[in-house]
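In the block that follows, a single chain appears as C-alpha cells, in the form predicted alone.
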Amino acid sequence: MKPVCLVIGAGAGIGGHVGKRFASGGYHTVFCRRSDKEGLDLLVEQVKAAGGTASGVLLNAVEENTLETLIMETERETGPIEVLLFNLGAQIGNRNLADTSYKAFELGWRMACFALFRVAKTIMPYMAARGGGTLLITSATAALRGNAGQHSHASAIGGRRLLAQSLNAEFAPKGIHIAHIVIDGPVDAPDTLGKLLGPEAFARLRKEKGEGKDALLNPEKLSETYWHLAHQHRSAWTHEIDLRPWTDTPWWNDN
C-alpha cells in the first residue's frame, strides 16, 4: 500500500503542484478542493499520465464534518495519511473596516484557522498512534504583519501561524513534523491570484513578472520545498520557512 498525501486546497497553483510532486515520489495523492470538478479531474489525469496514482474529492471545508469525514474515509479506504498539506486560502481581498462585514470576517477565520484546528483534531490521533507523520501548512505574509484592508485575512492567518506553533509544541515530541510555510510573494496561480486580480490584470502581471523573469513564485518550484520539508531528518526539522521571488523585498524590510 502506498503512503498517502492528502492535499486540502488543491488548486492549479501550490496545492496541485505539491500533490503532483508527491505522486511522482511514490505517494498516492488525494486532491481536495471546493469547486471546479473539471480542474480536479485534470489534476488526477495528469498524475496518472505521469505513472502515478491519485484521486479527487470536491467538498466545502466550511461545512460541518466535511473535513473530518474526508480524513477518516481516506484513512479507512485509501491508506494511512503520511503527509497532509493544509493549503486553504482565506483571502477576501482588500476591504476597509467599514466594508468588512461580520460574516466576511468570520469566514476568514473559519477558512484559515478553524479549518486547520478541525483537521488537526482529526489527523493528529492517527499520526500519533503511528508515531509519525507530516503536516505542511501553507501561510502568507499576513501571518507576520497586518496591513490596511486585511482585517479578516491578517487576523485569521496570524491565528493559523500561532495554531501551528501550538501544534508543533504538542506533537513534535511525538514524532510529527509540523511546518509553517510563509509564501511572501505572488504565486503564478490562475485560480487563486488570477481570480483575485481578474483575468486581464493577471495576464498583465504574468507578462510583466512571469515568462522567464522569475518574479512570480513558480508553484512547480515551490513544490520541491514542500517535498524537502516532508523528508527532513528529525534531527534537523524546519518549523517555519519563508519563500519569495528573488526580485521581491522580504516582508521585514518592506515599508
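Not measured: the values here are computed from a predicted model. The first residue of the sequence shown is number 1, and the count goes up from there.
Keep in mind that the form predicted in complex with another copy of the chain is not shown, yet the notes after this line are about it.
- Contact annotation for K121: at least one heavy atom lies within 4.5 Å of another copy of the chain in the predicted bound form.
- Contact check for A143: a non-hydrogen atom falls within 4.5 Å of another copy of the chain in the predicted bound form.
- Not displayed here, another copy of the chain is kept clear of R204 by more than 4.5 Å at the level of heavy atoms in the predicted bound form.
- Shown alone here, L243 lies within 4.5 Å of another copy of the chain in the predicted bound form, counting heavy atoms only.
- Residues of just one listed stretch (209-217, 54-62, 41-49, 190-198) have heavy atoms within 4.5 Å of another copy of the chain in the predicted bound form: 209-217.
- Contacts to another copy of the chain in the predicted bound form (heavy atom within 4.5 Å) from stretch 102-116: Y102, F105, E106, W109, R110, C113, F114.
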